[in-house]
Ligand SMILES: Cc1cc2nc3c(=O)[nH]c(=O)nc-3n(C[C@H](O)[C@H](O)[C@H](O)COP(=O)(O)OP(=O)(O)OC[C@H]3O[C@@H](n4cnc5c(N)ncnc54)[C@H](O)[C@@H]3O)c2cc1C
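The chain below stands alone and is given in structure tokens; this is the form predicted on its own.
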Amino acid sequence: MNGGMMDESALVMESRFVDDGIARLVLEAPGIAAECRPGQFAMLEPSPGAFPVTRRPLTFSGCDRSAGTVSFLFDVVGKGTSLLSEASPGDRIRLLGPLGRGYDITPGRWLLIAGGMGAAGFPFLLSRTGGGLVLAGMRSSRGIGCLPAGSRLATEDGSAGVRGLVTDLLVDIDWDAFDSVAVCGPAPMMKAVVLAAPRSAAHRIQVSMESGMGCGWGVCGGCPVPSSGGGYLSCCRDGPVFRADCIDWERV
């Protein structure tokens, strides 16, 4: 579903840190804003003509079609994301997108389950679904300001919410009360959530897989996802959002 991708020179409208090591970037990219869907991503060029030259994949955290802007929330973890976080309003960043398959947006009540910065795309998803219950697991209170209001939280160090993992928040969840389930985070966390869900809910769970991507549109072959049907799927082209029962979790 990359036929409508565009390569825009996007104007930086906002660039700031929202928490320790977590940056927010708002870019004016009217063409991409008109087409992007929750769960899709873009490839951002940190520094044209200089190291590193490879673009970085970031999921859309928000989209304002009337203003022609898209936004991103991301952890600053390396040279590429450091350069992106140093952008200033008025700068321009090349933006390739929208890329990949997003969430299948269906009517009804949604349950959104995130691990760490897996919650970055949930504000956009919530804006298109009309709301839902968000469960989030984090190592500490760092980053809770990025979560949608009303989220239920578990932290490994107990500094916010309940002490434990996001799977601990699933104990009292009535899975049948939700029409759709979205999961995003590290692969071990997503695997634990999928295995904790009753079999009757499996077809309603959509997972957004995280993978290192070289090109973002299915050419380099650098982001394989093991398929439940055997072989591999491409995270960037066939995903990054998949039905949970399409993934071979034993091979993830």
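One rule holds for the numbers: they count along the sequence shown, beginning at 1. Note that this is a predicted model, so its numbers are computed, not measured.
Another form exists, predicted together with the ligand; not displayed. Remarks below refer to it.
**Student:** Flag this candidate site as yes only if 102, 203 and 206 all have a heavy atom within 4.5 Å of the ligand in the model of the complex; otherwise mark no.
**Tutor:** So, no: the whole triplet misses the ligand.
**Student:** Based on heavy atom distances of 4.5 Å or less, which listed stretch (158-166, 76-84, 175-183, 124-132) is in contact with the ligand in the model of the complex?
**Tutor:** Selected range: 76-84.
**Student:** Taking the ligand as it sits in the model of the complex, is residue 63 near enough to touch it, meaning that at least one heavy atom pair lies within 4.5 angstroms?
**Tutor:** No, no contact at 4.5 Å.
**Student:** According to a 4.5 angstroms non-hydrogen atom cut-off, is residue 213 in contact with the ligand in the model of the complex?
**Tutor:** So residue 213 counts as contacting the ligand.
**Student:** May I ask you to check whether residue 112 falls inside a 4.5 Å heavy atom distance of the ligand in the model of the complex?
**Tutor:** Although the ligand is absent here, residue 112 would stay clear of it in the model of the complex, with no heavy atoms inside 4.5 Å.
**Student:** When the contact criterion is heavy atoms within 4.5 Å, does residue 38 count as touching the ligand in the model of the complex?
**Tutor:** Residue 38 lies outside the contact set for the ligand.
**Student:** Name the residue from 117, 147, 96, 153 that puts a heavy atom within 4.5 Å of the ligand in the model of the complex.
**Tutor:** Spelling it out, the residue with a heavy atom inside the cut-off is 117.
**Student:** Of 147-178, which residues get within 4.5 Å of the ligand in the model of the complex if you count heavy atoms?
**Tutor:** Nothing in the stretch sits within 4.5 Å of the partner.
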